[in-house]
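Shown below, as structure tokens, is a lone chain in the form predicted alone; questions about how it binds or moves come after it.
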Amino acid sequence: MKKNWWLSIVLIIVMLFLIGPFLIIFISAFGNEASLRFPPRGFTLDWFKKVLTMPMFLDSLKLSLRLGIFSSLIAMLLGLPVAYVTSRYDFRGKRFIELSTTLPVIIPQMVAGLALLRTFVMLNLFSIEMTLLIGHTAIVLPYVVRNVISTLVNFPPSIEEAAVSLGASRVRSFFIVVLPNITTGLISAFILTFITSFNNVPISLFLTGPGVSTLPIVMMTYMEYYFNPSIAALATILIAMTVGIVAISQKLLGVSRMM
């Protein structure tokens, strides 16, 4: 009984450590004062109305959504073949490919952002939004590769071989046998990469330019000049959106087993 009591205390401490800061932001978002404070002295929804009508937040939100969706889709198209080949075959250079697809996660993103900035400055071929798309695709690609590999490892190759032995080509067996059975892994990879791209700061900090900024960068810039509950309100909306996406995915698709 005493052991269970201590375990309960540890669990409460851990939960407060993880959720406490978000609760503070959530409660502060409803304050009716001009400055952000906790606990608030009053209650109002005006700050939510404000952030939902500010062009700077709306424009950057649209950009972050576009980057998150398109970088995730491109990473899926590039990462799926890489994951399939590295999980099914042994060949010379396999370790190098595995290391290359892991580098964007291993190295500090500030270093990666600086390297991408210098590369794009020298090339001078792409618009700011295109450089952001390329940069975000590069940092989310490893998540697709690793997630899909873990899904393919749990899918027996013998099932695919049976389809080939019955006359299906490798390409056809992949689309009619393998792909339908790894759909959950692909969806979880897409959700993970989208959230990673949407919330990214280091890469976006280096690659944004005049008039083109992602939502996290705009929020950081706004906080340098204003310290009111509007940022807390926007953060609350983003947290609710992220939790909603994950919760719906877990409920309808069972993605929680893969993430």
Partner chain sequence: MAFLEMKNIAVMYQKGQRILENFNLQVERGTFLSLLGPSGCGKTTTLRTIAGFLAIQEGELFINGKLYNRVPTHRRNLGVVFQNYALFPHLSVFDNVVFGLKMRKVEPSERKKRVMKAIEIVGLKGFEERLPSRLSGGQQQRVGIARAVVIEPDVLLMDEPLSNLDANLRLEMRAEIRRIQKEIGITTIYVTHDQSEAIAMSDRVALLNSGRIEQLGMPQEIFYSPGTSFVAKFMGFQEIANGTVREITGGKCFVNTGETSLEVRSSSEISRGCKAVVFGRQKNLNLLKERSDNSLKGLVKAKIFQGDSVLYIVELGDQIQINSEVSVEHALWNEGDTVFIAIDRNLSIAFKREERKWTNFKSI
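Treat the numbers as computed from the prediction; the structure is a model and nothing was measured. Positions refer to the first chain, counted from 1.
There is also a form predicted together with the partner chain; it is not shown, and the following applies to it.
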query = Only one of L73, I159, V153, L103 has a non-hydrogen atom within 4.5 angstroms of the partner chain in the model of the complex; which is it?
reply = I159
ask   = Considering I149, I187, A168, L133, which brings a non-hydrogen atom within 4.5 Å of the partner chain in the model of the complex?
value = A168
message = Can you tell me if I128 lies within 4.5 angstroms of the partner chain in the model of the complex, counting non-hydrogen atoms only?
response = no
ask   = Taking heavy atoms only, is G93 within 4.5 angstroms of the partner chain in the model of the complex?
value = no
key: T86, heavy atom within 4.5 angstroms of the partner chain in the model of the complex   = no
inquiry  = Under a 4.5 Å heavy atom criterion, is V121 part of the interface with the partner chain in the model of the complex?
reply    = no
query = Are all three residues M54, L58 and S64 in contact with the partner chain in the model of the complex, where contact means a non-hydrogen atom within 4.5 Å?
reply = no
key: Residues from 174 to 188 in contact with the partner chain (non-hydrogen atom within 4.5 Å) in the model of the complex   = I176, V177, P180, N181
